[in-house]
Structures are given as C-alpha cells and as structure tokens.
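So here's one chain in two forms, each on its own in structure tokens, numbered structure 1 and structure 2.
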Structure 1
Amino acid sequence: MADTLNLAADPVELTAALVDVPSVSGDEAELADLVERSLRAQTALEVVRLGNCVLARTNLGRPKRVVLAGHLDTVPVNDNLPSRLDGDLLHGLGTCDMKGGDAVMLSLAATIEDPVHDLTFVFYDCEEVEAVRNGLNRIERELPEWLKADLAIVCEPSNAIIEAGCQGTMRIEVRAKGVRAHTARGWMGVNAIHAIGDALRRLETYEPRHVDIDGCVYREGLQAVKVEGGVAGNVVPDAAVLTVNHRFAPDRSPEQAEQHLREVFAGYEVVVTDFSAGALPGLHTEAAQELVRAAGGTPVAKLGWTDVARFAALGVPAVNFGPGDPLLAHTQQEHVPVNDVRRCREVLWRFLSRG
C-alpha cells in the first residue's frame, strides 16, 4: 500500500485506490490511517482523528459552511475485491457504496483553494452496522461543532443526482418460545423454530406501502435479515429469534413504525433493537437551492436510509448526492460508472469553488 494517496489524481483512480484497501465495518483503521496521512500531507486543512473517523475543515470565516460526509466502511467482502476497471465501469466492493463518494470528497479537499463556503469533510466508520456503532454518534458526542453547517451533502450513491429526504429504518427481534424435549419424544416438547413459521408467513404476504410526499414516492419494505435457533441436534428447541428490518416512509415516526410492527407480529414477543428516523425532503434553504441549480435536473426521493436523517435531526438541511446506482449497493456486482464520479466532482467543484 502506498504511504499516501495521490489526492490530485483522477477521482476514478482515487476510488480504485480506496476500494483496494478493504474496510469492512469495524476494520477501517488501515483506510482511516491512509486518509488521515493523505489529508495532512496534501492539504492545508485542519485535520482531526477520532477513533476511525477522520475530520478536516477550512477556517476561512465564510458566512456559511457546507459539510460533506462519507462513510469509510463496507458490507462484508463477497468475492468482489480488488477493484477492476471494465470500460466505463469500475467494479468492486465499495465502488458504489461509497468509496466513489469518498474519492470525490478527497479530490475536492485537495483541489478547492478558494471555496465559496467554509468546508468540513467528515469521513466516518461503521455506517453499515447497528446505528449505535455509527461513527457520527461519536463525533456528535465528542466534537459536535464539526457537524454544524448550513447544508450537509452526504455523498452516498444517488446516480449523481440530488436525492432528497430518506426513509426510516427499524430492526426488531420476533421471538418465539417453546419447551425443550428429546427429539425421540418430540411430542413432549414445543418446538420454537416451528413457531417462527407463522411469522415468516406474515412476511411473505405483507403488502408494503408506497407513500407520496411532495411528489417523491417512498416505497416501504419488511424483510427478515436473520434467523437463529437450536439447542443440540437431538433436542426440541425452546427458543428461536427472527430479526426483521423495516424501512418506512418519513411520514411515520419511529414510534408509529414500532406500533405498526407490533400489529403485524401480534402474538409474538417483539423487541426493537435498533432504529433511525427518516427525514422529510428539505430543499427550501438557500444553500440547498444553490446546489440544486449547480446539479441541474429535478431532485427525487431517497428510498434507503442514509445519514442525511442524522443531519436533519441536528437541524442541518441535508441531501444525498454521490456517484453510483444505490440499487447496486450491497450486491456482489457493485460497480460505479466513471462518468458519475467525474460528474459529481465537477458539480460540487462548481458549487463550492470561486474558480
């Protein structure tokens, strides 16, 4: 691995270099080290390290500040490393979600010499796992002033167009209980795994809502993401746990979403393990309008949950704008069009630089 990245390089090359340093959630130290070293070596920014988060900013006394945010981690490797350029597409884990966006941020950090607004760059860890581990929590707790801004741009994949708002997400455990017995006399027990069958049936027949807000359509979802149960190979199991992930439109609060899930899984013990509120689309502020003009086109609804909701909760208007198709995130075939990477870098450079 190079001692530092060349931040002035083509952002596509930079994306490939970031992808080729594996950084599955919880294991981002090597990549965070590299990003930190590169920013310190090649920019005049104030740089701070916090765990596996790397923060950098200008302090020019501009009237407004824009924060650009990107997570450094990826979902688990799925036989899709290292990166591979094939024509106009860069393939590999994290190309789309979201090292293309990280590369755009690093390129801007190294090349904008006279920004219109003060700039804060936030690279953080553990976005792809339980919300409680998300690096933004620690920043909010220990360095809250680093998240203050007039606009936040979260460079998650959005096909290089502005996506507004985001859906909420909630994880619950649906728990079944039974009574242990030897499987040679199974009728003496109650099988908790069998009891999960009905919950799976409800998932199969569930009809998710399609919710229209300000012309943006949010499409909800309800998916089992884990199932676990069993004592020994000859024992009727007395416990089984099904973990379900619900994605809900921003017209519902987390409390309303929880109530809905308790109705869907009535009869089971339901425990909420993790949730994040959604964010309503919020494009009315001046800085957001400037960005919309720089990007051109019409903003659309964001379906996935992203950290725009965290910024929205802090009172910072926030949008998604990044290279790559979010539908490819977390798939083995994940890739990013090189033109998306270059376009995002150009749009943001035009928006942020006096030129």
Structure 2
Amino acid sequence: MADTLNLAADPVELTAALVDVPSVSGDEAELADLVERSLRAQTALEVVRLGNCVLARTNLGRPKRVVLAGHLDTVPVNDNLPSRLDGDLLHGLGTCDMKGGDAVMLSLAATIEDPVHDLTFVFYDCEEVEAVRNGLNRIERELPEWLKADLAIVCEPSNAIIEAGCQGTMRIEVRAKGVRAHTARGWMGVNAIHAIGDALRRLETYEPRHVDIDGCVYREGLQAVKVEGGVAGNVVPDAAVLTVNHRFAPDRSPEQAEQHLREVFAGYEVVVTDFSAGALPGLHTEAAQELVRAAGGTPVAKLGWTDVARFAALGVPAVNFGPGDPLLAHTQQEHVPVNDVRRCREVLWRFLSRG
C-alpha cells in the first residue's frame, strides 16, 4: 500500500484505491491512517484525528460553512475484493457504500483552492453497525464545533441526485397474552398466537401516507418483520409477540409516530424497542438552494434513514448526495458507475469553488 493517496487523481482511481484497503466496521484504522497521511501531505487544511475519525477543514473566514461527511467502514467482505473496473462500472466492496463518496470528498479537499464557503470534511467510522458505535457520536461529544455548519452534505449513494431529508424509523413489539392449556383440551386455554391474528389483519389493510414536503414525497410504511410464540407441540401458547417496523415521514416526531402506532394497535400491549427521528428536507436555506442549482434536476425524498438525521438534530440542514445506487449497498454485486463519481465531483466543485 502506498504511503499516501494521490488526491489529485481521477476520483474513479481514488475510489479504487480506497476500496482496495479493507475497512470492515471496527477495523478502519489502516484506511483512516492512509486518509490522514494523505490529507496532511497534500492539503493546507487543518487536520484532526479522533479515534478512527479523520476531520479536516478550512478556516478562511467565509460567512458560511459546508460540511461534507462520509463513513470509512463497510459491511463484511463477501468475495468482492479487490476492486475491478469493467467498462463504465467499478466493482467491489464499498464502491457504492460509500467509498465513491469518500473519494469525491478527498478530491475536493485537495483541489478546491478558493472555496465560496468554508469547508469541513468528516470521515468517520462504524456507520454500518449499531448506532451507539457511530463515529459521529464521538465527534459530537468531543469536537462538537466540527459539526457546525450552514449545510451538511452526506455523500451516501443517491444515484448522483439530491435526496433531501430522510424518513424516521421505529420498531415496536405488539404483545398478546393468553392462557396455557393442553392442546387436547384447547378450549380451556386462550391461544395468544391466534390473538395476534387481528394485528396482522390490521397491517394487511393499513394504508400508509404519502407526504409531500417541499416538493419531496415521503412514502410511509408499516411492516411486520418478526413473529414469536409457542411453548411446545402440545401446548396452547400463552404469549406471542409481533415485531413491526414503521418508516414515517419527517413531519412526524418519534412521539407522534408512537402515538399513531398505539392507535393502530389499540387493544394490544405496545412496546417501543428502537427509534430514530427523521430529517426534514432543509431545502429552504440559501446554501441548499445553491447546491440544487448546481446539481440541476429536482431533489427527491430519501426513503430510508441516513446520518442526515444526526445533522438535522443539531440544527444543520442536510441532504444526501453521492455516487451509486443505494439498492446495491451491502450486496455481493456492489458497484458504482464511473460517471456517477465524476458527476458528483463536478457538481460539488461547481457549488463550492470560485473557479
């Protein structure tokens, strides 16, 4: 492995170089070292290392600041390393999620000499695992000033178009209780699994909202993802649990989403096991409008949850904008179109540079 990356290279070549350094969640140190050395050697940016997070920024006194953020980690290797260029597609683990976006960020860090806005580049670890390990948490606790900005761009794959905001997510357990009995005398018991049936029927007839916010349409969803119950092959079960995942539009708070679910499953015990708030589009700000003009086209809603929500919670408007199809993330066939990588770099250069 080279001591440093050539940050001025074609961002597609830079993507391949990043992909060829394995960085499964929790094992990002080698790649973080390489990114840190490269930024210190090839840019005039202020650079800080925090664990396996690498942060860099300009301090030019511009009236606005833009944060560009990308995670360094990937899901486990699935016979998809090293990278492989096949025509207009670069294949390999992390090409889409999200080393193509990281490469765009590094290219911009090294080549924009006179930015319109002050810039902060945030490369962080452990995005692909449980939220408590996410490197943005550590940055928020220990270096919160590094996340302050007028706009944040999370370079997750978005098919090289602006995806605004994101959905919230909530998981609940819908619990039913019964009375045990021998199945030979089933009438003496109450079958909890049978009792869950009505909750499943409510899901079958549920009509999710489609919510238009700033021209972005968020499609809500309510899905059963797990059913548990049963004691033995000859026992009427006295407990059953249905796990449901709700994806809700960002006009709902988690509290409002919970209240909605309690109404849907009235009569059942409902226990919230996990939730993350969504993020409103944030397209009304001046900086966001500048980005939209640079990108052309029409922004769309992000159908899913991303770290834009972390920035929104800090009061920073945020969007997703990066190369690659998010549907390919975590698949063995993961790849990124080279034109996506170059387009994202071109759009962000146009937005950020005076040149």
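Throughout, residue numbering runs from 1 along the sequence of structure 1. Source: prediction; values computed, not measured. Here the rigid core means the biggest group of C-alpha atoms that line up within 1.5 Å when the two forms are laid on top of each other.
Assignment of forms: the chain in structure 2 is the form predicted on its own, the chain in structure 1 is not. Core-superposed comparison between structures 1 and 2: CA of His194 displaced by 2 Å or more. A displacement of 2 angstroms or greater separates the C-alpha positions of Glu228 between structures 1 and 2, with the rigid core held in common. Once both forms are overlaid on the rigid core, the distance between the two CA positions of Arg171 between structures 1 and 2 is 2 angstroms or more. Lined up on the core, Tyr268 has its CA atom moved by 10.8 Å between structures 1 and 2. Aligning the rigid core between structures 1 and 2 leaves the CA of Pro254 offset by 3.6 Å.
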